[in-house]
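Okay, so here's just one chain, in structure tokens, the form predicted on its own.
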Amino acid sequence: MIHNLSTGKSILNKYLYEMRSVDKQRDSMRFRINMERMGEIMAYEISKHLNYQPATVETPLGEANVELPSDNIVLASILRAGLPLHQGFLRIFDDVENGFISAYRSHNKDGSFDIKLEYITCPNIDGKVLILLDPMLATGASIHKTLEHMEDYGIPSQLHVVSVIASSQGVKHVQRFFPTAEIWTGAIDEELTAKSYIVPGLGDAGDLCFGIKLQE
């Protein structure tokens, strides 16, 4: 299932507007804050799709019945752009386990690229809810390679793939190879450049968060 949150009317659209704006995104601190805000909103939306169990809480005047989340959640982010998004999720899901993945594009002279995955640090995910964060879902190659490697850590009961902006091609790729995944995104753009960057997109999310890196 695809959840495109920008199709509804909410404050998320303001944050997404500022992240796309060539003027406002020059403020890297604001860009990171907006990324965190996107994480908070998306985490709240995902929380509506989790499992709950009844509980009773004692108040100063009596008892109240509530429904509490019952799933074990593993929150995993692809570095480095995933860090602010991860922080936003942690403000909503404050008792989750965490994983981090070093995956990046290694560009070839012919314009193509390979996904290099250097390491994963992750708890056991068997039978747990896995929420995988990657701010830009372009071709789907990074998500694909990451999920293949995460099979060594177990089979999750639910899989949620989260991006701030996705391309329609990337969404279709995830749907094809991981049909049980729930895909959550702030917006879906239709075009990819010859170098597989999302158009209109917002640019390089990692650079906008943390500064320009040296290219290989």
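One-based numbering along the sequence shown. Everything numeric here is computed off the predicted structure, so don't read it as measured data.
Here the subject shifts to the form predicted in complex with a small molecule, a form of this protein not shown in this document.
- Heavy atoms within 4.5 Å of the small molecule in the model of the complex are found in one stretch of 116 to 124, 68 to 76, 90 to 98, 133 to 141, which is 133 to 141.
- Interface membership of Tyr17, defined by any non-hydrogen atom within 4.5 Å of the small molecule in the model of the complex, is ruled out.
- Contact check for Gln25: no non-hydrogen atom falls within 4.5 Å of the small molecule in the model of the complex.
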